[in-house]
Structure formats: C-alpha cells, structure tokens
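The chain below stands alone, shown as structure tokens; this is the form predicted alone.
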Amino acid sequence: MAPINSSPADDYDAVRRSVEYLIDNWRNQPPLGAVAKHVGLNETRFQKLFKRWAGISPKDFVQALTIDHARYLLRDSASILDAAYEVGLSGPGRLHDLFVTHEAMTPGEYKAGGAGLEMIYGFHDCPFGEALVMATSRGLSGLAFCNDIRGRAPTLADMIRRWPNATFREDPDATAHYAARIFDPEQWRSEEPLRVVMIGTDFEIRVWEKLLRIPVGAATTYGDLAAALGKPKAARAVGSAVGRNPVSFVVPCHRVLGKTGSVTGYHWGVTRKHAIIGWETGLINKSSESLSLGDFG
C-alpha cells in the first residue's frame, strides 16, 4: 500500500497499474472497487489518489480511453495544424498549454552528432514516474521517461545515442527548474516561455514544430501531419519522426493518434501515453470549471 506522504513517482506507480487495468478492461466498465483491489488500495484511498493525480475520477478517465473521446480530440485535427500558432489564451485548451519558444541547431551541428556540445542532465520525479531532463546552454534539449522496470540506465543510454559526440554531465540541481516548469501547470505562462532547442534533421524539426501547434485537449493523426507538411503520402516517415522526438511531453508527440482514434505506439510506453492524455483531460476539465464567460472576452 502506498505511503500517505507518497512522492509523485510513488503515486504514478499506483496510477500506472490502474491505467493498465483500465486499458485492458474499460469495455466492461470496471467498478471502482475492482480497480482499487487491483492496485492494493481501499476504494476511498484509491479514489483520492487518482483524483489528486489526474484531476478526474477513474470513471471519467475510463471515458478518456474510449474511441468516442479519441474522435472528439481529433475533431479539428487538420484545421489545428493549418491555423497560425496562437500565443494568446483562447480557451480551456490554451489556459493550461505549455508555452514554448524554440530554435533549431544548424544542419551542420546535427550532422556532427553534437560534437563540441555539452549537455547537462538530471533525473526528476514527475506526474508520469521519473523523467530524464537534458539541457544545453541554449535551453531544454531532451526529455525522456524512465522505464518502470529497467530504471535509469537504458533511458540515459537511449538519449545519449542521439548525440554520440556530445559531452554529458549529470547536474540535477541545474535541470530541476526545467522539471518544475514542465510539469507544474501553474508555471505554464506565455510571458515566460520555455526555451527549447531542437536537435534533428530538417524534416524531423519541421514535424516537431507542427506538433507544437496541437493544444492540450486536442489531437491529430499521422496522415494530417503529413498533409500539413505538404507531403500527404509521407505518413510513415512522419510517424518515424514523431517517434524520434527527443523532447517528449513538451513537444507533444503523445497527441498524435491513429486515423481511427486508436492510441498507437509511444516510445516511452503506450500506458504512459494513455496516462498523459487522461491527465491532460483533467486539466481541461479544471479549466472549464474555473472559467467564466468573461474569461473568453
């Protein structure tokens, strides 16, 4: 049983197991007691934990797993990508959006495999387990999640392989403020955007920039991404670029779904992808409840 004063990582471990159970059983609409029993908590304790973590009840979360909800997220997929990126707060989807300013490294810097580049990194608790945060002197350059079983080493090795000639230095004190900015919605402010450095091929960066157009509470498909890039037949190549996104969550590759609304593969685990989508659904619900008509001007 999770301790009363549990850490975010401890909370996510219980939530992860409950999400896995819900993914396997959502069609049967499992009662609260069955889910709580599966994770080894009583109903009251589990309900409070889940609501504190996701902002919504397990029952509402089950709704976020259904195909109808996925289709709702996809309702404006193409138009979202075609529209200009809005900086202002235009509604619940923007109120809790992560405002990002970004730049890309030159093709030469990318081809050099990060030669001459120093990256600092640190591991930090977050709502989705333990995160690896990486940064250069220019800004955030990497965000990954630790595998719940294998731990830190494979996650770090996976990221280092992307820039084999860079120098890496562990400095969690220096990356802590990035973790706080990324995972605390109260710190998502347009007047203080998070600076992100994108390190990839020209095509990959174009795909990642399109991902930044997708607000919280929305989604798109690989096909619509390809069409928005002017390459309607390149859905497979777009999918590969999405999978190589080195700045997970901030560059929201988790908001890309299959054309039917299916939650397809995610580099850091499909369960985590479900969890992030459900967590963001909770943010939208909180936003909607707290906004008055006046907030929309």
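Bear in mind the structure is a predicted one, so any value in this text is a computation, not a measurement. Residue indices: 1-based, along the sequence shown.
This protein has a second form, the form predicted together with the DNA, left out of what is shown; the following refers to that one.
S.K.: In the model of the complex, does each of 231, 237 and 267 have a heavy atom within 4.5 Å of the DNA?
M.R.: The answer is yes; 231, 237 and 267 each reach the DNA.
S.K.: Please name which of the stretches 63-71, 32-40, 50-58, 256-264 has residues with heavy atoms lying within 4.5 Å of the DNA in the model of the complex.
M.R.: It is 256-264 that comes within 4.5 Å of the partner.
S.K.: Counting non-hydrogen atoms within 4.5 angstroms of the DNA in the model of the complex, say which of 110, 145, 222, 188 makes the cut.
M.R.: If I apply the 4.5 Å criterion carefully, the residue I get is 222.
S.K.: Please tell me whether any heavy atom belonging to residue 203 falls inside 4.5 Å of a heavy atom of the DNA, as the geometry stands in the model of the complex.
M.R.: Looking in the model of the complex, residue contacts with the DNA include residue 203, since a heavy atom lies within 4.5 Å.
S.K.: Any of the heavy atoms of residue 45 lying within 4.5 Å of the DNA in the model of the complex?
M.R.: Although the DNA is absent here, residue 45 would stay clear of it in the model of the complex, with no heavy atoms inside 4.5 Å.
S.K.: Considering only heavy atoms, tell me if residue 242 and the DNA come within 4.5 Å of each other in the model of the complex.
M.R.: So residue 242 counts as contacting the DNA.
S.K.: Against the DNA in the model of the complex, would residue 273 count as a contact residue? Criterion: heavy atoms within 4.5 Å.
M.R.: Output for residue 273 is yes: heavy atoms within 4.5 Å of the DNA.
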